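The chain that follows stands alone, in the form predicted alone, written as structure tokens.
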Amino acid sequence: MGLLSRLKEIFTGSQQASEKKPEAVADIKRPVTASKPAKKPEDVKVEQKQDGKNKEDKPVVNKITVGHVHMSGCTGCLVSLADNYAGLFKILDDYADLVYCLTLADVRHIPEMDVALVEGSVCLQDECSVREIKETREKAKVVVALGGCAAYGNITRFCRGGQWNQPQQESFVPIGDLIDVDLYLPSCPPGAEAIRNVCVMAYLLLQGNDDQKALAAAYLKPLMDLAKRGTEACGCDLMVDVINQGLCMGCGTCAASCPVRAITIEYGRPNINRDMCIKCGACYAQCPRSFFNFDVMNQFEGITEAIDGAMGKGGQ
């Protein structure tokens, strides 16, 4: 600042304003007095902030516990289970906890569970598999043979050993040959919708009211009857029990369900190529004339409504 400017400020009085300016700045930068530190830990006060939003209210239900036990198979049944997409998340959110699954859950030992979905057949030369399938029976209330390999052996029945990595493993049997199985869900692989329905009905059977338990029992009874029938089912059984008895009505369900196209419809009747049959039992399980169950037929609408109600609109 020059001398003339200094004199001008003295005579015009602007000096006071310029002298007060640092004080105003000092007031702005005045440090805030900090609170005294607490002498004891109990003197520390913690302020709880409220975000003003209510937590999401979820219905509290008694979930069942489900496990997926993998024996000797191609994992196709597990893929089919995952194909439910949003339906699978709905089941895991509201109805079931997945407590064991080597692919999806970090659990190494078979725990106690309500429902065990067993995929694949059992290798008799594999001591671990034999021990685990027996342990599954001991720890699960309901054992489900999931897929053609677990129910009837499927393509593993054709195994004769000699594989490069495990040449000594030459005998594979369905799980029903070693333990008692409560119900079969055959085919190769079972449809995603069929697996979903069995999970929902298992929940209603274990946690539902009396009406829901009766409905679930009616739905599961044909699958329980399949387990009681034994561990043998293929196109030959369909020929002996249905076609040769004059019960076939030519609906084509067997041909549509065969995963290897071993059945064709010729002149209104199924023609079975036994060389192509892989013994999965899908045709016999899907045939409406292989066994009758009026309990299911008369309650079809109620079963459909129960599943749609559990899974949401459209059962998705």
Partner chain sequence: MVLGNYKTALSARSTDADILKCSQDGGVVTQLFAYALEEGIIDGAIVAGPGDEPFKPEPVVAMSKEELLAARGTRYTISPNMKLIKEATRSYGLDKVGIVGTPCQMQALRKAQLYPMGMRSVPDKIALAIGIFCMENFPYQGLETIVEDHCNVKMESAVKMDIGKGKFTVYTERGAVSQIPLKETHKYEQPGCHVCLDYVANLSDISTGSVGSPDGWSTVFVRTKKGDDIWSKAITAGCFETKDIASVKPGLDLVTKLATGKIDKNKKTLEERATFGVGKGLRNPYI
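Numbering follows the first chain given and starts at 1. All of these numbers come straight from a predicted model, not from anything done at the bench.
From this point on, the text means the form predicted together with the partner chain, which you will not see here.
**Q** Tell me, which of T75, T103, Q168, Q245 has a heavy atom within 4.5 angstroms of the partner chain in the model of the complex?
**A** Comparing distances to the partner chain in the model of the complex, the residue within 4.5 Å is Q245.
**Q** Consider the chain as shown here, without its partner, and state which of G176, P190, G235, G153 has a heavy atom within 4.5 Å of the partner chain in the model of the complex.
**A** It is P190.
**Q** Among 215 to 223, 88 to 96, 116 to 124, 134 to 142, mark the stretch whose residues have heavy atoms within 4.5 Å of the partner chain in the model of the complex.
**A** The contacting stretch is 215 to 223.
**Q** With heavy atoms only and a cut-off of 4.5 Å, decide whether M276 touches the partner chain in the model of the complex.
**A** Heavy-atom contact with the partner chain at 4.5 Å: absent for M276.
**Q** So in the model of the complex, does H70 come within 4.5 Å of the partner chain, heavy atom to heavy atom?
**A** No.
**Q** Would S290 count as touching the partner chain in the model of the complex under a 4.5 Å heavy atom rule?
**A** Yes, S290 lies within 4.5 Å of the partner chain in the model of the complex.
**Q** Is there a heavy atom of I110 no more than 4.5 Å from a heavy atom of the partner chain in the model of the complex?
**A** Flag for I110 set to no.
**Q** Mind listing which residues of 102 to 123 have a heavy atom within 4.5 Å of the partner chain in the model of the complex?
**A** Heavy-atom contacts within 4.5 Å come from no residue here.
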